[in-house]
Each structure stands twice: as C-alpha cells, then as structure tokens.
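As a starting point, one isolated chain is supplied in structure tokens, in the form predicted alone.
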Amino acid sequence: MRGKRTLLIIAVAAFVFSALLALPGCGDGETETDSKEPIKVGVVLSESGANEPLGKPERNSIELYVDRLNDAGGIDGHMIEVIIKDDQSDANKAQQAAVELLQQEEVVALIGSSGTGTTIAMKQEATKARVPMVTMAAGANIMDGDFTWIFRTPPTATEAGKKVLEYVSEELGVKRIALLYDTNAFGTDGKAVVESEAADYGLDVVVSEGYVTDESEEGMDTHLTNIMTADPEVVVVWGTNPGPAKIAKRMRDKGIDLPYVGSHGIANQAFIELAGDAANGVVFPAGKMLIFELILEPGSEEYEFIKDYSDAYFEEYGEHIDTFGGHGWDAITIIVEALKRAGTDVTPEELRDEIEATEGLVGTAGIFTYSPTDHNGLSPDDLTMVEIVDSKWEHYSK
C-alpha cells in the first residue's frame, strides 16, 4: 500500500513539474521578458543607389540604438523589433516597402527614408494608414499639404538655405551667386529656397545650373563652363554625394578659384573621401554634432548625448559618426521616448499624439520640440557653419 502511495506521489510530482515547465517564463531559461510581444517599427532607407552614403550610416545607427536598448531590457520588458527595407534610392520601391511594412508587419511607426523623393512617396502611405512616420530627409516640400502623421529629424532646406545666404552675405561679403543643384527633389528644393530668399540678403543669383544625380565628371565640366560665363563670385552647390564631390574636384582641376559653399547634404565623411584634397576649404551648414567637441560645453546634456552616440558608434563600427547616421539615431530616439511616455500598449494614433508632444528632447541635430503646427522640430539656432580643413571638420571662423 505504501509503495503504491509513493508511486502516486512521484507521478503527481512529475506531472506538476512538467506542467510548470510548459508555463510562460518557466523552463529553458525563459523569462517574463521573453514572453512579452515585441514592438515593431518599420524602417525604409537607401542602402544602395544614389543615396547609399546616407542609408548605410542610418541603418548602422538605428540597429546600434535598438541593440543597446534591448540589451538593457527594452521598454518595460518589450523588445523593439526594427524591420528594415532597402528602397534602392527609388521612390516606387520606397512606397512599396512602406505598404508592406504597414499591411503585412503592422508596425506601430515608420522611419524613412534617406532622400526627399523616397520620403514623399512613403508619406502618402503613412497618412492613408494613419501611422506616424519620422523622416530622415530634409526637403521642405515633405511637409507640403497634410503633415499630420509626419515628423522630421533633419533641419529643412529653408533653414539651411538661409544659413548659407547669411554666410555668403555677411562673411564672404560678395553678391553674385552661381547655383549648381541636383535636379532631384532635394536639390530643387534647395534651389527654390536660395532663389526666393537671396534678395533679402542683398544677393543676386546670376546663374542656376541643374545636374542629374549620377552626372559624370565630364558633364560637370560643361556645367562649370556655363556658370563661369556669368562671372559669379561664389559657387553654391546644393545636392548630396557623389555630385558635390565631383564638382569640388573639377573646380580644383579646372583652376576655378572661387569659394565653394555646400548644402547640409554633404555633411558626412563620404564627401571628404570622394573629393579628396578638393574638399579642403569647402564650407557648409550642419548640425553641431559634427564638431560638438569644439563648440559644446563638456558635461552639458547635448554634449554628453552626442558623445555617448559617438563613442558607441566608433566602438561598434570603427568609424566616426556623421550627420546622416545622426538622423537615424534621432528618429529612433524620438519614437522610443514617445513610447516610454505613452506606454507599450499604445495605438498608432496615441503614439502620433505623444510624438507631437515632444518638447526639449536632446538629439544629435539639436533640441527637438514639436507642436500641432510645427513637425520640423528644430530652429536655425541648431545649425552652424562647418569648414573642411586638412580633410577634417572644423568650426568656421572668419
């Protein structure tokens, strides 16, 4: 009798132990955190095509941020899952990628894209799906029409254009501008700003010449010959690499000894690498991140935020941070901080409202404050002029 009772106790104990192992958080090292649903964020960027120099550091930065966050326990035990798609710098592919992320993955937010044209293509899908999207592109026209669901991390072409014109007028002290611009969405946006605002600074755009994104060096020679017939005093170049780097090299090789002022589209190491020695002397507007150690106070919140990003990025990838990677870091920071405030059980509509309530949030591009009428978040004070000296970024000083 006692033997049967012992066998029964053993059998019951084995059953209970097996049942416990089957429970969430028990057995095989599984924890309560492991059983919580991940929060999905969709990302579309340009890892190939013309905007590849922008997309690669953006991806690196987003993945690094999320890895660090998840290693620290995520948000209230929920991991952040980023699903990244390459739009190949093509607007149609960006739109299709956005559709897939919204409809198949049911992401709570979108980030993207690297370029203005691809971002505009995504905008309509995010707006239609009523899902918040944080952009990494700078074109002012992204905010044309309904921008209810769209938020931006970079400074706009308007802010950067005014900074350039102020520099040409007050620091260079010249009047006659030759404008070379990429005929894509980013370049034409900058062209519109420079041409419309120049007179307010006492400046005259004596010639505007457009080039295609993948223009050859021979084609750049033709454009430079055309603009020199207008007898300019400064050349303003509005585009992203590789075009601006080709222009710098051809100006040097042709002996064109005029100041070269770029846009914020060249605020990355790729410009220096592509242009080589011809990059030296080029001045352009950028966020303070590129030269934070020179112009920010050690110990300040902004300094320490950027330093943390810089140190982590270099340790992971063996490369220095640049403006475009910073846009990716800012985009995921904005979404994560909004999720922390709103809670993990949040709808896209609630998350949109929380992003719009962002105030005084330190980022790599500046201090972000959104409102119902302003989804750009930055001010001209967040920009500074940077000069390339001995293939390094320096704070411009007259």
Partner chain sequence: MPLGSIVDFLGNCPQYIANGLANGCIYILVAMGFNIIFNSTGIINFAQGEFCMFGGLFAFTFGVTLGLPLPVAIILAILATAIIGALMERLMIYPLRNASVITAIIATVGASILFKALGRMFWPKEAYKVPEFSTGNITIPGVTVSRQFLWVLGLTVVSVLLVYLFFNRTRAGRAMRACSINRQAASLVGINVSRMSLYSFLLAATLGGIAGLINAPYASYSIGLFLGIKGFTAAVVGGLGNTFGAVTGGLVLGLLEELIPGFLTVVLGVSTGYKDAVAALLLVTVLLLRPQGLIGKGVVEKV
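These figures come from a predicted structure and were not determined experimentally. Residue numbers count along the first chain shown, from 1.
Not pictured, yet referred to below: the form predicted together with its partner chain.
- Contact check for 130, 332 and 356: none of the three has a heavy atom within 4.5 Å of its partner chain in the predicted bound form.
- Across the options 158-166, 130-138, 280-288, 219-227, residues that bring heavy atoms within 4.5 Å of its partner chain in the predicted bound form belong to 219-227.
- Taking a 4.5 Å heavy atom cutoff to its partner chain in the predicted bound form, the contact residue among 207, 143, 258, 312 is 207.
- The partner is absent here, but in the predicted bound form a heavy atom of 250, alone among 250, 78, 307, 320, sits within 4.5 Å of its partner chain.
- The closest non-hydrogen atom of residue 151 lies beyond 4.5 Å of its partner chain in the predicted bound form.
- Taking the partner from elsewhere, residue 174 is found to have every heavy atom lying beyond 4.5 Å of its partner chain in the predicted bound form.
- Contact between residue 74 and its partner chain in the predicted bound form is not found at the 4.5 Å heavy atom cutoff.
- When its partner chain is considered in the predicted bound form, residue 215 lines it closely, a heavy atom lying within 4.5 Å.
- Residues of 248-287 lying near its partner chain in the predicted bound form, listed in sequence order, are 249, 250, 253, 254, 270, 273, 274, 275, the criterion being any heavy atom within 4.5 Å.
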